[in-house]
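Single chain ahead, by itself, as structure tokens, in the form predicted alone.
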Amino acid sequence: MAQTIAQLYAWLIEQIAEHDRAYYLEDSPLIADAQYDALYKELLDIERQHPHLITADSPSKKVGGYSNEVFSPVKHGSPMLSLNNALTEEELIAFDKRCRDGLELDEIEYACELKYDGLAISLLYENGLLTRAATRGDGTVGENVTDNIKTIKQIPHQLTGNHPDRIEIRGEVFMTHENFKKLNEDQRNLGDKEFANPRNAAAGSLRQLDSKVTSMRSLSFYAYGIGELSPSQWLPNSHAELMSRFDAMGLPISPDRLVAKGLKHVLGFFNQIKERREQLPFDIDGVVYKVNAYYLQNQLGYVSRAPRFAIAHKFPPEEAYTKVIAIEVQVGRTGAITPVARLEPVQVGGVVLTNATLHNEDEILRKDVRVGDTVIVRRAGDVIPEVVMVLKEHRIKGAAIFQMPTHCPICQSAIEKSTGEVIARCTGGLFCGAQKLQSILHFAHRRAMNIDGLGEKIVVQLIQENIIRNPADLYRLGLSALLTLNRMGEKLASNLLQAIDSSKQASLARLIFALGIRHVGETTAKDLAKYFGSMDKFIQAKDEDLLKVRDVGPVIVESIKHFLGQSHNVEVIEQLMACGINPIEKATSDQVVADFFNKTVVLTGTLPTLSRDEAKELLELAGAKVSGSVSSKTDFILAGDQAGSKLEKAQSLGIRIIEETEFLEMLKQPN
């Protein structure tokens, strides 16, 4: 058993060393951070349980990283240490307890900051002048990247204000999402290798031999710490005070900082940042906590590779590396064909992923994803998981290029792609089983016909049992048919039938939206309903009539005509009308107000008596279009209290601004 653990320990040392080389020297990681953290944690667990196995070359004895021989070496005045990680709340609680026990305090004040996913950098200023910049390297010796660092506009060449004679600023160089996207677009256009993520892009950009190349990469920097210092008396009492001094000296610091008292306050900051993570313009992978007072930091001290007074509380990973075991296509409600990668199961963001979208044929060919490939997959918040990049160096020989199928896998109808579009579509319409399910679910949606209780499981059973084939069949359902379904009781069936019957009172706008015509959303459906007034007139509309409807252009006209040009779709509409669903848009003539008809209005602020929804409904009944943003095409601003940037923009554009009282008076005016 001891031999087996020794072999595992030796293998872990070898693996971690290999991944360190790929990450720090080649800027091309072989595994995701979470997988690396898991290897490192396993090594630490072995060392705790079997200390006799610890060797001098153990990663736990090193700060981490490598120095590249291409750049001249720089010996740091004091080591640039790594941070220990807390991957769970329990590990953070244990860290806080160790600090409190070590300091004999009931509660500790922590400085909380973001953990940037970039490259650690040391900046040496002498008499306020930037004289040297170096990477962290192995923590003791880094790489001289002074010329490249000086191309980063945020980093001052000369400090301002009260600065010491000699100070080593430590911080992070990173790349924003916007600049990363632009860089990879440029790489593609040049036929060069794309970067896996912003961190690798930042590291690769900073290690350019030609500083002109670095200057074109638009890197960013935030300062967060200190190394060498002379005179030492310049140092303030706390980390928070140091950050304020950095700001006064002209150094860029993150606005997302907090001094938190106690664990509850700390966790509040963590959860707040976690919720905002997707809105940040750059990548972070957690939050860093440091005991704020320097005299308390000194009491706690250091272990071999990390301070005892600080920890990185990491988020669940958003990216991971896995293999593609198959590529299949899915059929959406509108017939859209979406390639999907079937993956070896991998945990990302606390969820086990087995599938990831490949978006469309052009995208899959651009990324060149093939079965058997090792890929990076990403899951961010509620966004559908996607394949970010292929690691082509791991591709198996003979892997075949993906070929889009020519026929729908569900109904065998032809798959076509219109000129100028990137999405291929099944031509089967409502005859396609996949489109049938999604079309009926869309039809019943609360924002369409609003059939409460008609969920996916029930619709799937109704289709599988061949009880319904299209939305019109819902209105022919009887109690006996519903009772044949699995887990369908009499009360539930009766409630569902009542909801279906009530949906017959839905407006014409809801019915048009419920049909699921491509490009016809809720707003366009309302405009069509107001203009035509009845389903009969809508079905019979000519192209020139459709083009008279507000915001309806050639693309929407083509989509409507294509939908109505399929006989089975018109047949479904006629069946719906035969079932008693034939609403008339009553607001067409008697509620339209000349001042608002075909005008664009933006709501902002809090109105005295009307809610936002009430005001929007009145405007739409009056014939106006309610927009969420101000532009030169905006006709009115309906403003209330605490109106902000929208009002300011409207004033700058000279747009007419009305208040609630004037608005209500205008509604009383005759057509």
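For clarity, every value in this text was computed on a predicted model and none was experimentally measured. Residue positions are given as counts along the sequence shown, with the first one as 1.
Form predicted in complex with 2-(butylsulfanyl)adenosine (IVH): not shown, discussed below.
Colleague: Within 4.5 Å, heavy atoms only: does P316 come near 2-(butylsulfanyl)adenosine (IVH) in the model of the complex?
Modeller: No, P316 is distant from the partner.
Colleague: Just checking whether L83 would be counted as a contact of 2-(butylsulfanyl)adenosine (IVH) in the model of the complex - the rule being heavy atoms within 4.5 angstroms.
Modeller: Because a heavy atom of L83 falls inside 4.5 Å of 2-(butylsulfanyl)adenosine (IVH) in the model of the complex, the answer is yes.
Colleague: In the model of the complex, does R136 come within 4.5 Å of 2-(butylsulfanyl)adenosine (IVH), counting heavy atoms only?
Modeller: Yes, R136 is a contact residue.
Colleague: Does 2-(butylsulfanyl)adenosine (IVH) come within 4.5 Å of any heavy atom of P307 in the model of the complex?
Modeller: Yes, contact at 4.5 Å.
Colleague: Looking at 443-451, 115-123, 333-341, 517-525, which one sits within 4.5 Å of 2-(butylsulfanyl)adenosine (IVH) in the model of the complex if you count heavy atoms only?
Modeller: Selected stretch: 115-123.
Colleague: Does 2-(butylsulfanyl)adenosine (IVH), in the model of the complex, lie within 4.5 angstroms of each residue among E172, Y224 and K290, using heavy atoms as the measure?
Modeller: Heavy-atom distance to 2-(butylsulfanyl)adenosine (IVH) in the model of the complex: all three under 4.5 Å.
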